[in-house]
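Given as structure tokens, the chain that follows is alone and in the form predicted alone.
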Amino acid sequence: MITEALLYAATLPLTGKPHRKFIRYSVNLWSRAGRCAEDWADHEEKSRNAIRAAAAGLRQKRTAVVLGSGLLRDVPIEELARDFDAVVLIDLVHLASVRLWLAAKRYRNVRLIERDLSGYDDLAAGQELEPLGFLRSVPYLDFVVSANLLSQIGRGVKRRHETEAGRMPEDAVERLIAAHLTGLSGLPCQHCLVTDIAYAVVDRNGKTHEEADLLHGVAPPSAKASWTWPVAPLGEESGDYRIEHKVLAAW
């Protein structure tokens, strides 16, 4: 708890006021990732491999953008920084630990941007829904990655929708998930989507007690690769069950 509190305190002054309310979620993710490092290793490596495969055939490697860069554990940042002229990491929060690690690596071509990628505020205001439209202004854009972000948009939107009743249409979650996928597919450059699409609660005997579609009925693109991510191994949330997410990668 002390380490988490220190990380929160160090990140707070580095984060814009509109996004400070999300720091706690990032710190919690950082904490769980540390506890579950061994169980998450395969998922993180497969995520990195998918991104590597998607970028492998590019003739030009000028600018790469990573949407939902997070802790960078599932992103091959060393290869991206080496191979591309510029790498832009976009997320709501960039933890102080991530900033410190990047500084230690001396990646002079890596830039951090805070941005809400969900499109929630535009939808709430009745504006045109194009959450990835800003990418058109990124010069020499050759590669875009959506890194384990899409289901988080759905969860975040659902949480806000429930606490801000009346502001949003009933199908807000589905529309924002679809808008992200449409934005990716409409890019004039190579892109890679890595996302969890479903979860299951499984007891210690292997019996599934609960399942849910994390994309809320929105169809994802055809997968080039898929795997299971043990988000909460046995003992993380309960000694009686584990939580598994199904993940796909497409490019």
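Worth saying up front: this structure is predicted, and the values here are computed from it rather than measured. Quick note: we count residues from 1 along the sequence shown, nothing fancier.
From this point on, the text means the form predicted in complex with a small molecule, which you will not see here.
**Q** Three residues, 142, 182 and 191; all within 4.5 Å of the small molecule in the predicted complex via heavy atoms?
**A** No, because 142, 182 and 191 lack any heavy atom that approaches the small molecule to within 4.5 Å in the predicted complex.
**Q** Even though the partner isn't displayed, in the predicted complex is residue 75 close enough to the small molecule, meaning a heavy atom within 4.5 Å?
**A** Contact check for residue 75: yes, within 4.5 Å of the small molecule in the predicted complex.
**Q** Any chance residue 26 has a heavy atom within 4.5 Å of the small molecule in the predicted complex?
**A** Heavy-atom contact with the small molecule at 4.5 Å: present for residue 26.
**Q** For residue 69, is any heavy atom within 4.5 Å of the small molecule in the predicted complex, or not?
**A** Close contact exists here: in the predicted complex, residue 69 approaches the small molecule to within 4.5 Å, heavy atoms only.
**Q** I'd like to know if residue 83 sits close to the small molecule in the predicted complex, meaning any non-hydrogen atom pair within 4.5 angstroms.
**A** Close contact is absent here: in the predicted complex, residue 83 is far from the small molecule, nothing within 4.5 Å, heavy atoms only.
**Q** Determine which one of 142-150, 167-175, 122-130, 101-109 lies within 4.5 Å of the small molecule in the predicted complex, judging by heavy atom distances; exactly one does.
**A** It is 142-150 that comes within 4.5 Å of the partner.
**Q** Select from the listed residues 135, 96, 88, 117 the one whose heavy atoms reach within 4.5 Å of the small molecule in the predicted complex.
**A** It is 117 that has a heavy atom within 4.5 Å of the partner.
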